[in-house]
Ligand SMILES: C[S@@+](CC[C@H](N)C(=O)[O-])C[C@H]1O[C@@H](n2cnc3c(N)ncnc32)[C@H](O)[C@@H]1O
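Okay, so here's just one chain, in structure tokens, the form predicted alone.
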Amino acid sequence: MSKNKLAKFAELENFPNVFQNFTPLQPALTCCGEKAEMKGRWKELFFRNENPVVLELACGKGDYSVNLARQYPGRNLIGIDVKGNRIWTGARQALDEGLENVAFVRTRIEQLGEFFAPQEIAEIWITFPDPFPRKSRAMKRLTSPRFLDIYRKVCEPGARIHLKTDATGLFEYSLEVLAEEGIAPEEVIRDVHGMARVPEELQILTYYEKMHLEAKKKIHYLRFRLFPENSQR
């Protein structure tokens, strides 16, 4: 492990906007060396307001988390990623800018239910996740039925889910899953940057998106609402 990564990991332990789960088999969050019981209390204990909580999953360097926090001061953003050295970038930027409506959680996405209460989340962004192209690994895709069930456990009814990806296979797979789930997409865009006018939220460019655009790849976007299973949609 490089000295740079080690330095970032050490700094993360003292960042007041970063919560880390070091023991996946015994899930628990710590912040600044102290145990943090945040489940169901993010608005109360960290954000200190009643604004909606929005997650960015597989947030990487936190580009969407930080930029949405800038654009929408009336939303509370939380970036989720398992890689601490990536989270460091967004967390450091948020601290330097004094953004109080953004936090980061270092954990596996499979464990969202350990750290967020039922109906605590109002919206989810999935930004350039690993597409897991092999069919044998389809259940690892963040729009698979397995993950939709995880989101249902923490999201309020009708929560909006956004997917932004360059992976056409993942995009088409996601549409197939929604059809099987009986969910009609609210918006389907197959070439975001080919639009005459790109919506403000989609103008945010992540680290990976910039690379994909340089490689002349099309960026796809999908938005849908997540409802409890067997509910009236």
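For clarity, every value in this text was computed on a predicted model and none was experimentally measured. Don't overthink the numbering: it's just position in the shown sequence, from 1.
As for the form predicted together with this ligand, it is not shown, yet the points below apply to it.
> Verify the contact flag for Cys59: yes if a non-hydrogen atom of it lies within 4.5 Å of a non-hydrogen atom of this ligand in the model of the complex, no if not.
Contact with this ligand, yes.
> Examine Ala122 and determine whether its closest non-hydrogen atom to this ligand in the model of the complex is within 4.5 angstroms.
Answer no; every heavy atom of Ala122 is more than 4.5 Å from this ligand in the model of the complex.
> Classify Arg160 as contacting or not contacting this ligand in the model of the complex by the rule of any non-hydrogen atom within 4.5 angstroms, answering yes or no.
Judged by the heavy-atom cut-off of 4.5 Å, Arg160 is well away from this ligand in the model of the complex.
> May I ask you to check whether Asn51 falls inside a 4.5 Å heavy atom distance of this ligand in the model of the complex?
Judged by the heavy-atom cut-off of 4.5 Å, Asn51 is well away from this ligand in the model of the complex.
> Which residue, Arg86, Arg75, Arg92, Arg152, is the contact with this ligand in the model of the complex, using a 4.5 Å heavy atom cutoff?
Answer to the contact question: Arg86.
> Looking at heavy atoms inside 4.5 Å, which stretch does this ligand contact in the model of the complex, given the options 105 to 113, 67 to 75, 152 to 160, 92 to 100?
Stretch 105 to 113 is the one.
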